[in-house]
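Presented as structure tokens, the chain that follows is alone, the form predicted alone.
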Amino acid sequence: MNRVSRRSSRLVVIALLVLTSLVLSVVPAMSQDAHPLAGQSIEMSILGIGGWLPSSLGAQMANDLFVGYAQENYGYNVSFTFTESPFESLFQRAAASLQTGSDEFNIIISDSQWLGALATPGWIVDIDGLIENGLPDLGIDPQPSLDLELFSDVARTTYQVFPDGSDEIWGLPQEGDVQVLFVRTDIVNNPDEMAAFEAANGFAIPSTFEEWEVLTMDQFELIAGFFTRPDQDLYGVAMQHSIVYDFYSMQLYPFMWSLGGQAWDPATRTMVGVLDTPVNAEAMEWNRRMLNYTPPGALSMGIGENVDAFTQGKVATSIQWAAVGLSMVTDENRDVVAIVPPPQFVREDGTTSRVYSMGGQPWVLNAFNPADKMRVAVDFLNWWYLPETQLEFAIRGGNPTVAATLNDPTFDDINPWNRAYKYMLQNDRAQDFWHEPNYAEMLALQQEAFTAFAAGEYNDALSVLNFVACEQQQILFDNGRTEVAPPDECEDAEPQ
């Protein structure tokens, strides 16, 4: 018994020595690999768009999911606050803080057009540099995981690139967005209405995704006119002609682009001779004519007013952002709503085209973040683009842009707008416009002139376009953004 006990004791001692050796060999490695913020508590702030579900979804998921992920994988505690401002005032809110060098907002959900205005003063992090070099002064390694494979090039040029036409990346896509057509099938596909329409017009109202896909804007205008019945408080279509922010511009550009026009030449940053063309003038006139089929007060109609008209059954159709799907499709109407591609246009040469506006927003990182908050921001973005996170974002109603998520066989069926969203998120079906540092000034100018034309204050579309092009060319030239000066004839440019 004593021999067994002594032998057992020796085995225990040997086992303890081996175990101690293993522990000592592992501890240094664990210490080296430990997250630098392990054991700390950090408070983060996100600035986003007020009343815009995709913005609030990002913050909700940060607190619902990333907080636990960070604690489990990195060993630190983090919490997120969400500050919001409306579209039309968010940039001013961000700029007022950033120009003081403040880290008040660590992560910002920016509109895509603001990339130039945020990048040029050095207010946001160069994502190219973060991917290739990291942030060595802050102890952050290169982040090749943030070199994303997006579903389409138009998503990259919209949410990431400045200057336009370059390869420089300043943002990472938070919410993708495109324009789609929402249809009240209880109105449009009523059998009696369909029979009456076909008898009067010689073609059938579409009832499937594929049939809407080949519908032209000429045909759609006939449908919109057929269902415009003021005595029944019913109208053919809801659009957005409001002067607020970029509402009218984003609704007008599709008419221009689809007919073959352009907003500018990004290579030379030229407006004159590009914006003010006969084809763009035709597009303006056509867009204004569509007001004949919209509800009263259409010149004040933005995103929210569009939602109200559609959900209240006052319009048969709505050209609207896919990102508003959760507001457009309600418990009351979900069985009578179809979401399909918006109409295509027939160009002068007989070819067809549909090129609609890109919406959506990128994440940008505050360049003035201290080391701890910058590290959390980078951790968060790496988590945001994990496949399971992107799929959860879609399930909650968001619109991812990462190729792997959109190519997932389940994606089209997650939300009723997903198929149309993916269909329109193609290089030849969607387009963004300038991301210039003087974006706000240029936008305000054209919004005022374009909506004045829509209201009938001016009636010569080409003169309005020429005036806007001349003024925007001057803005770009005065700010050193182009070498192309406004031509002499711009001195006499006036909208008529």
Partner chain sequence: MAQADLSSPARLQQAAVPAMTPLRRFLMRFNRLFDDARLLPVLLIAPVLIFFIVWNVIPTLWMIGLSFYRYQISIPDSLAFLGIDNYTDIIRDRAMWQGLSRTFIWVFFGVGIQTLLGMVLGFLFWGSKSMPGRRLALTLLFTPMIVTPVAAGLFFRLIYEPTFGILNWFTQSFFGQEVLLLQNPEVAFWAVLFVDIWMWTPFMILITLAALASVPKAEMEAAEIDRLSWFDRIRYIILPHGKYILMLGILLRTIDSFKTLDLVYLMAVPGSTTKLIAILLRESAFEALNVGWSSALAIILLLTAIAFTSIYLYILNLNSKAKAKEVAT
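Numbering follows the first chain given and starts at 1. These numbers come from a predicted model, not from an experiment.
Absent from the display: the form predicted together with the partner chain. The rest refers to it.
Undergrad: Heavy atom within 4.5 Å of the partner chain in the model of the complex: which of L299, V279, V346, L234 fits that? Just give me the one.
TA: Going through each option in turn, the one that passes is L299.
Undergrad: Since exactly one of L462, V67, A34, A455 fits, which has a heavy atom within 4.5 Å of the partner chain in the model of the complex?
TA: It is A455 that has a heavy atom within 4.5 Å of the partner.
Undergrad: Taking heavy atoms and a 4.5 Å cut-off, does P121 contact the partner chain in the model of the complex?
TA: Yes.
Undergrad: Consider Q92 of the chain shown here, and say whether it contacts the partner chain in the model of the complex, taking contact as heavy atoms within 4.5 Å.
TA: Q92: contacts the partner chain in the model of the complex.
Undergrad: Even though the partner isn't displayed, in the model of the complex is N438 close enough to the partner chain, meaning a heavy atom within 4.5 Å?
TA: N438: yes, in contact with the partner chain in the model of the complex.
Undergrad: Against the partner chain in the model of the complex, would Q99 count as a contact residue? Criterion: heavy atoms within 4.5 Å.
TA: Because a heavy atom of Q99 falls inside 4.5 Å of the partner chain in the model of the complex, the answer is yes.
Undergrad: Taking the partner as it appears in the model of the complex, which of 441 to 449, 58 to 66, 427 to 435, 38 to 46 has residues with heavy atoms within 4.5 Å of the partner chain?
TA: Contact criterion met by 441 to 449 only.
Undergrad: At a 4.5 angstroms cut-off on non-hydrogen atoms, which residues of 283 to 319 are near the partner chain in the model of the complex? List them in order.
TA: Going through 283 to 319 in order - heavy atoms within 4.5 Å of the partner chain in the model of the complex - the hits are P295, P296, G297, L299, S300, E305, D308, A309, Q312, K314.
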